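Below sits a lone chain in structure tokens, taken as the form predicted on its own.
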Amino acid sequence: MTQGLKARLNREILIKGITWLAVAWISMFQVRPAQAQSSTTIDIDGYASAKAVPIAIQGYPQAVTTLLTFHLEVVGFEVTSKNSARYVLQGNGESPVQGILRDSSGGVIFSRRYKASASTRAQAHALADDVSKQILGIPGIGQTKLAAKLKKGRNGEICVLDFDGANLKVLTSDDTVVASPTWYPGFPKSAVLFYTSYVYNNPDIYYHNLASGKRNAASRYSGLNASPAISPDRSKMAMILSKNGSPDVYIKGIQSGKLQQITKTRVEEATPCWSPDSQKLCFVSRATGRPRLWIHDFSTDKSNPLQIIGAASSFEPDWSPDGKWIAFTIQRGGSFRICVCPAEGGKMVELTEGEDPSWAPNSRTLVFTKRTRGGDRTLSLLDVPTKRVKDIPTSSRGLSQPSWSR
């Protein structure tokens, strides 16, 4: 690999936040005052200033209470005493798990009993999903998983885990540089991951079947193959290739294998993500100097910068499944910050310190990478409307670059 290609690869890897290259290239993301932009019709301040919904949990074994509390607090509830609660979730202290949800006046909203054939964990998460669907009107996340990079020495491996940190499983044992795990849409029926790996001494993209454990190459062009992103309709893969020089955005047909180059800017592009209708692509480009989010519209075959009020530089975008929001990372002073803005552009809201945001299927919760005081990395969950953060309880540190199954 030429020195020039190595340098471009280093910049691409930085945009995904790989630790051992970040210091050398940190000046890329210095924040400058933003110019005023046109206002948005979406009330984003209202979206990101909601109050948590108070709920009481009674009559469950401690293990079930712990599961319910974590799950419900992640999606926007605050577990409190019965006297302070708007809703009460009542169990019977027995197995299988059952739940009676009441409002503050004692009226029954629902009464449900869960399958004894399922594990206690599964029953508790199914109950929490039903509560969040009933009260908040959002899809459940109880059966979802996260993919992430797990640091091993100077290198890393790809792993998966439940959204609450349980059942962590390491998928690879290559002892090499890995990056950008992302799910093939349709989990759990389609349990397939894509990621970049140096396993054969070049940054190539692989797809990995979780059920069989088998993996195959998805993109092995000369130079950089990085940041795979599968369209929600499962017809195309977006990625970054440097086969013609600088890293550019390309689209490859999943079935046809046909390759289409989207950008030809001769500057670095990175980290594409799809709109939920598969008609637009958001990516990072330095076409105007600083790294900014751009939108490519396939109906017009044109790319334009996303106008974000308050962000001079922006990177690591992820489009919410409901199509309304784009989460991304900025650098503020010496730290990285998670932000969100309307998908059509406008005012951003700065949410919390962190990087690598990925949306849950409910378009409300984000998983992101959090740096500890010791410089290590771990994963945390963010309820965007309330800005409440909960760390994922797991014994494994060194987790980063999360991707939430959808």
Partner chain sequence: MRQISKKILPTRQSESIANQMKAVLQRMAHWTPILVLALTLSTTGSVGCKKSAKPVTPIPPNIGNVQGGDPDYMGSGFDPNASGTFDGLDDGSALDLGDGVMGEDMDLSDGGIDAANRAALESMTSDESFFAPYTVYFGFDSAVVQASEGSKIEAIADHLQNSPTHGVRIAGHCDERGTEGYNMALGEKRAQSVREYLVNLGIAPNRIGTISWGEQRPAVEGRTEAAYNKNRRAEFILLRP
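Only a predicted model underlies this, so the values are computations on that prediction, with no experimental measurement involved. Numbering follows the first chain given and starts at 1.
Heads up, the form predicted in complex with the partner chain isn't pictured, but that's what we're talking about next.
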The stretch from 76-84, 170-178, 273-281, 98-106 that lies within 4.5 Å of the partner chain in the model of the complex, judged by heavy atoms, is 170-178
(Q) Under a 4.5 Å heavy atom criterion, is Y184 part of the interface with the partner chain in the model of the complex? (A) yes
(request) Give a yes/no on whether I262 approaches the partner chain to within 4.5 Å in the model of the complex, heavy atoms considered. (result) yes
Consider S256 of the chain shown here, and say whether it contacts the partner chain in the model of the complex, taking contact as heavy atoms within 4.5 Å.
yes
Does the partner chain come within 4.5 Å of any heavy atom of K243 in the model of the complex? yes
Picking from I138, A312, V192, V88, the single residue whose non-hydrogen atoms come within 4.5 angstroms of the partner chain in the model of the complex is V192
Item to check | Contact check for Y47, S111 and D130 against the partner chain in the model of the complex, heavy atom at 4.5 Å | outcome: no
Within 299-318, the residues having any heavy atom within 4.5 Å of the partner chain in the model of the complex are D301, S303, N304, P305, F315, E316
